[in-house]
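Heads up, the chain below is alone and in the form predicted on its own; it's given as C-alpha cells.
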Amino acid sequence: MSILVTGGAGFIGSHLVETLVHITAGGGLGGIAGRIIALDNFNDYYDPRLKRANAAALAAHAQVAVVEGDFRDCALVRDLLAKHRVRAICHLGAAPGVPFSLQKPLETVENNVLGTLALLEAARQHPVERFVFASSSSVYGRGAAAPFVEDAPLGTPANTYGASKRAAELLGLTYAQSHGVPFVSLRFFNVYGPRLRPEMALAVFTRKILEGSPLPLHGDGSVLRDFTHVSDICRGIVAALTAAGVVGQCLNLGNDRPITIRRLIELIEQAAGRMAVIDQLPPRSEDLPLTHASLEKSRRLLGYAPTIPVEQGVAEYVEWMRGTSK
C-alpha cells in the first residue's frame, strides 16, 4: 500500500516525503503507507536543479519512488493509483504563489483547479482512504475577519491564486459529498524553512541581506504574516491522513503568531549579523494586509499545535541559507 505525494520534489513536498519515510519506517500510519510515490513534473517555475537535488535525496530511501510526470495527466494518475495500490493522496502540487498567478492566470487555474479535478476523478474511480489537499490562507481574501476561522464567512480572494485554491477546495468538498471521496482541505499559512522556494519573501530577504545588496520592500513593512515552519505543516498533514471526523472539512495549519514584515527583516538581520539595505517600493494591491490562523478547529480535530517559534525558525533558515551559499 502507498501514499501518493504530488509536488513531491518541491519545498513542502520533499519535507513531507522525508517525514513519511521516518514515520512509516517505524510502523506508523496504521499500514496506510508501505511506499511513498513522489510525483513531480520538475517544471521551470524555479531552477529545476533544486527539485532534482531534492528528488535524488528522496530516491535514496528504499520506500520512495520518484515519478516524473504531471498530475493533470489523468491516465498517468489512474495508473499510479492502481499499480501502487495507493491508499492516500497528499496533493501538494500546484502553480504556486501570487506573482505567478498574476502573470499566468490561465495556467494557474488549469493547474490548481483542473489538475485537482483530475486527481479527484482518479480517486473516485480508484477509491482511497484519504485525500489531503494543500490549500492556502489566500482563500480567506479581503473582508475575512481575523483571526481567520475556517467556517466563518470568507472574503473575496485578492488574487487569482487564492481564487484557484478556493475553487479547488469547493470541487473537493463536492466530491466528498457526491462521490464519497475522503477529501480534507488544509489551509497553509506562510510556510517557510530549509529549501524554501527562492522567490519567497524570506528567501529573497535573507539572500539580499547576506549579499549586502538592496532588499525590495513593498509598502511600509506593516503587513502581518502568520509564518509557519514546514515541520509543523508536515505534522499537520500527517495527522490529517488518519484523524477521524475531518473528511469534508477545511482546517487551518498556521502558527497563530503573526508578525510584521519589518519584524521578519529584523529577525533576519539578527541571525545574519548584518543590517538590511532597504529598497522602498510601492505596496502591492494583490497582497492581503494580514494572515492570521485560528487554530481552534485544527487543535480539536487534528491535535495540531505548532512547535517552532518564528524566531527560532528564521535563525535556522538563515544558517541554512548561509551554508548553501558557501
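All values reported here derive from a predicted model rather than from experimental measurement. One-based numbering along the sequence shown.
Note that the form predicted together with a small molecule isn't included here; everything after this is about it.
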**Message:** Suppose contact means a heavy atom within 4.5 Å; in the predicted bound form, does that hold for all of Tyr46, Lys51 and Lys165 with the small molecule?
**Reply:** yes
**Prompt:** When the small molecule is placed as it is in the predicted bound form, which of 205-213, 192-200, 140-148, 168-176 ends up with heavy atoms within 4.5 Å of it?
**Reply:** 192-200
**Asked** Are any of the heavy atoms in Gly13 no more than 4.5 Å from a heavy atom of the small molecule in the predicted bound form?
**Response** yes
**Asked** Might Cys90 be said to contact the small molecule in the predicted bound form, defining contact as any heavy atom within 4.5 Å?
**Response** no
**Request:** May I ask you to check whether Arg235 falls inside a 4.5 Å heavy atom distance of the small molecule in the predicted bound form?
**Result:** no
**Asked** Contact between Gln63 and the small molecule in the predicted bound form at 4.5 Å, heavy atoms?
**Response** no
**Message:** Only one of Asn255, Ser185, Ser136, Ser101 gets a heavy atom within 4.5 Å of the small molecule in the predicted bound form. Which one?
**Reply:** Ser136
**Prompt:** Which one of Val246, Ala123, Val86, Ala94 is close to the small molecule in the predicted bound form, taking close to mean a heavy atom within 4.5 Å?
**Reply:** Ala94
